[in-house]
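Before any questions on binding or motion, here is one chain by itself as structure tokens, the form predicted alone.
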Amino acid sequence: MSQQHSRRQFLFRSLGLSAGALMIPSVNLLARQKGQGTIPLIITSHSNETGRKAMEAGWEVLLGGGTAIDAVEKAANIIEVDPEDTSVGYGGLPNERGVVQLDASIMDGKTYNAGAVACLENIKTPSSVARLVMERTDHVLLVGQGALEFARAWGFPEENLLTGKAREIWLRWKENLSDQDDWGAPEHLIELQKEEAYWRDFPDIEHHYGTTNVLAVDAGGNVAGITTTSGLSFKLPGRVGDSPIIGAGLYVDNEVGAAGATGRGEDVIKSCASYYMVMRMSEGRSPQQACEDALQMIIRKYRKVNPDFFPSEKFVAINKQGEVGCAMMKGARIPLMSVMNEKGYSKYEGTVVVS
């Protein structure tokens, strides 16, 4: 592909004029444009190898006639227990004190029920705890110590969630915070330390917004979703983002579809972005259009205050017909998500919305 053609393709995608798939037979662009999605269906915002394994696990549930709610939980657990994933569950990056605090929400379209946990410590699979909040209590959200005591009551094993990798990233962040404190090497060794593997492995420590969404439609046409995260890295202890907030990080309507959000949670909370996407789909917008609409809505709000500010969000959505959508705000790379349906596994290529 020529450089000029590549740039033109990126421009079209950035303006939201096209949303295609990677060159994988299991996603048919023409069928999707005609509204011919397929169910059962399961997707996740994760597009790495763990995302693929999660889709295979969730699809196994759906293929056997299982429910959407069982499928999304099984898939989310695969991602939550991956120690290499620094954005979710075990291995997630900690708060500023070095403590991993997890948030998760789950929603079952069939029963119009939801559950969530926030600031949960020592439990690898917060989405499973959230499901028990949904099914075994009359509440929607449990936080902090209360969420941990609830998990203990149901027999969830406790363990330190801070992996060696996450610990090193956190300590590197502390060393970089200020040249006026005592963290870091002695002044005369600062240049020499950059040759250490400790620095080469993590050369750039930045705030990290990672989250994952898992959304599904089962053979009966019922919709379910999960959003799970370790939250903003190095956050203030007790900070809660959008992931456990129904309507912000996740929303499901069994008559329409489902949507989930990743990125800077504060912006998603203020915009009720997932609810907004589902409402847009209820008005006839496709999942792809709904994702783009929500991002443009946030951009418009901030433009009135700071025209140059573009928060970092990535949205995903599905509808009951098996159509999917994915879009992100700004960035030099095209957003991807994992999709699994009767045609197999694929990576769906979304759009970058810049205005």
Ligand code: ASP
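The first residue of the sequence shown is number 1, and the count goes up from there. These figures come from a predicted structure and were not determined experimentally.
This protein has a second form, the form predicted in complex with aspartic acid (ASP), left out of what is shown; the following refers to that one.
Subject >> Selected contact from Arg285, Arg172, Arg264, Lys74, since only one has a non-hydrogen atom within 4.5 angstroms of aspartic acid (ASP) in the predicted complex >> reply: For this set of options, the contacting one is Arg264.
**OP:** Using heavy atoms only and a 4.5 Å cut-off, determine which of Gly241, Pro94, Gly115, Gly109 is in contact with aspartic acid (ASP) in the predicted complex.
**Re:** So the residue touching aspartic acid (ASP) in the predicted complex, by this definition, is Gly241.
Subject >> aspartic acid (ASP) contact at Gly247 in the predicted complex, heavy atom, 4.5 Å >> reply: Result no; Gly247 lies far from aspartic acid (ASP) in the predicted complex.
Subject >> Distance check, Gly231 to aspartic acid (ASP) in the predicted complex, heavy atom within 4.5 Å >> reply: It does: once aspartic acid (ASP) is placed as it appears in the predicted complex, Gly231 has a heavy atom within 4.5 Å of it.
Original post:
Is there a heavy atom of Thr211 no more than 4.5 Å from a heavy atom of aspartic acid (ASP) in the predicted complex?
Top reply: So Thr211 counts as contacting aspartic acid (ASP).
Original post:
Of these, 218-226, 256-264, 138-146, 273-281, which stretch puts a heavy atom within 4.5 angstroms of aspartic acid (ASP) in the predicted complex?
Top reply: Result of the contact check: 256-264.
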